[in-house]
Structure formats: structure tokens, C-alpha cells
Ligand SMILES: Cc1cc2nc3c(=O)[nH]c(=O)nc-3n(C[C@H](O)[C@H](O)[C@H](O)COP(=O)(O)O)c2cc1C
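Here's a solo chain for you in C-alpha cells, the form predicted alone.
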């Protein structure tokens, strides 16, 4: 039996949460990166005996469309899976039910689901430095509860039909510090950045912030005024610490 971690984590927060859980199940974990556009996900092998964790961030209360699309290329073969959606302390809304539907369509047996909090990828003042030590203890406790679980999850919160998905509200741009190293082009999960002017195609961009997060020169930025407006709009919803939730 393998522990298989299927993760879409552009800036690393979702990956941190996933590692805490799957690493508690088994030291050696098979990892499948849904952000890698070069991977042929139809060839990723899942056995019935495997213990699978599928983790994605919540983007405006929905699962990232590209992550769902790539997940659906895989075959679950009846393997037990745990869903994990990670959000920046605002709300995850329909993310988990959307993940549940996709996982079942692939042939996975969904035995549990977790909504977990990690530092917001655009506004790091919300859920700053999470998952913290308290989160880690709670997630490990969840992992223990899931390990002995048989049967499908009873109920996962969310709505069908899902809420309408938003567009890319914040599109990163290169600054004068750009040295044209090409890392942003290579790492973009949806190939939205061109290799000449390093500008971003707003129709392809999903505002995942990977290019901003991983640029070695810190040479990619989003509009600061727009971020401030968004942060102010979210302040009330994000001001109270939200705890991780487990659904069995």
C-alpha cells in the first residue's frame, strides 16, 4: 500500500497542510503535482489498496478549475481518499463538494474531508504563519481518526449547483527588477506568462500567485491598490480565527 498525495499548491500553503496529514500516515509518500502542466495525469497509477489524499486551495469558494480538470484525467480504482481544501481564513463554501464530485467521478471512495486554514496567498496578514503548531496537532489528530475509517463520508458542506466561479481579479505583472530568467514562465500552472515580455494573459491567469511567490528577484507584483481594497472588504470575515474542520 502506498500513501499517495495529489496536490495543487501554487504557493505552498496547501502542500504544507497535505504533508502534515500524509506524512503522519507514512514517512514515504508518492506525490502527484497537479500544478505541473507537463505531467500526463492519465498515466498516474492508483491502486485500490492505496491511501490517497487530494488537496487543493479554495479560490473564491470554488476548487481551481484546472486542478479539477487534471484530477479527472486520473482513475481512482476504488481507492480510499481524503479530500483537503485549504483556505485563507475567509470561507471555503463549495470547494469540498466540488472536489467530492470530481473524486467520485474518477472512481475514488471518499472516506473523509478536511477544511484547513493556511496563510492567505495574496493577503498574508490573514491567517499569518498558519498552519501553526496548534493546527499541526489538530491535523495529526484528524489523520489518526481517518486512518481507521471505513465507509464513505456521510456529509460534506457545500451547495450543488456550485456558486459561480469568479475570474482572475488580480493579475501579476513584471516590474523593472525582472531579469528575464524565465522561471515564472516555467512554473506557471496554466502557462499564462509569455516568454518575451513576461506579461500575463489575463484570460488564462487564475491569480494563484505562484509567479509572485517564486520569483527569485521579487520582480512580479499585483496592483497594490486593488489588494488593499480586497483586504478591506475581507477584513470582517477574516478577523476571527477559524479552526480546521473534519468531516467523516
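Residue numbers count along the first chain shown, from 1. What you see is a predicted model; the values in this text were computed from it and never measured.
Below, we refer to the form predicted in complex with the ligand, which is not included among the displayed structures.
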- Item | residue 76, heavy atom within 4.5 angstroms of the ligand in the predicted complex | no
- Query: Is residue 200 close enough to the ligand in the predicted complex to count, meaning some heavy atom within 4.5 Å?
  - Reply: no
- Query: Are any of the heavy atoms in residue 118 no more than 4.5 Å from a heavy atom of the ligand in the predicted complex?
  - Reply: yes
- Contact label in the predicted complex: residue 90 to the ligand, heavy atom within 4.5 Å: yes
- Query: Out of the stretches listed (171-179, 119-127, 76-84, 153-161), which one is close to the ligand in the predicted complex, meaning heavy atoms within 4.5 Å?
  - Reply: 119-127
- Note on the structure: the ligand in the predicted complex has a heavy atom of only one listed residue within 4.5 Å, and of 184, 67, 208, 53 that residue is 208
- Taking heavy atoms and a 4.5 Å limit, what residues of 43-74 are near the ligand in the predicted complex? 57, 58, 59, 60, 61
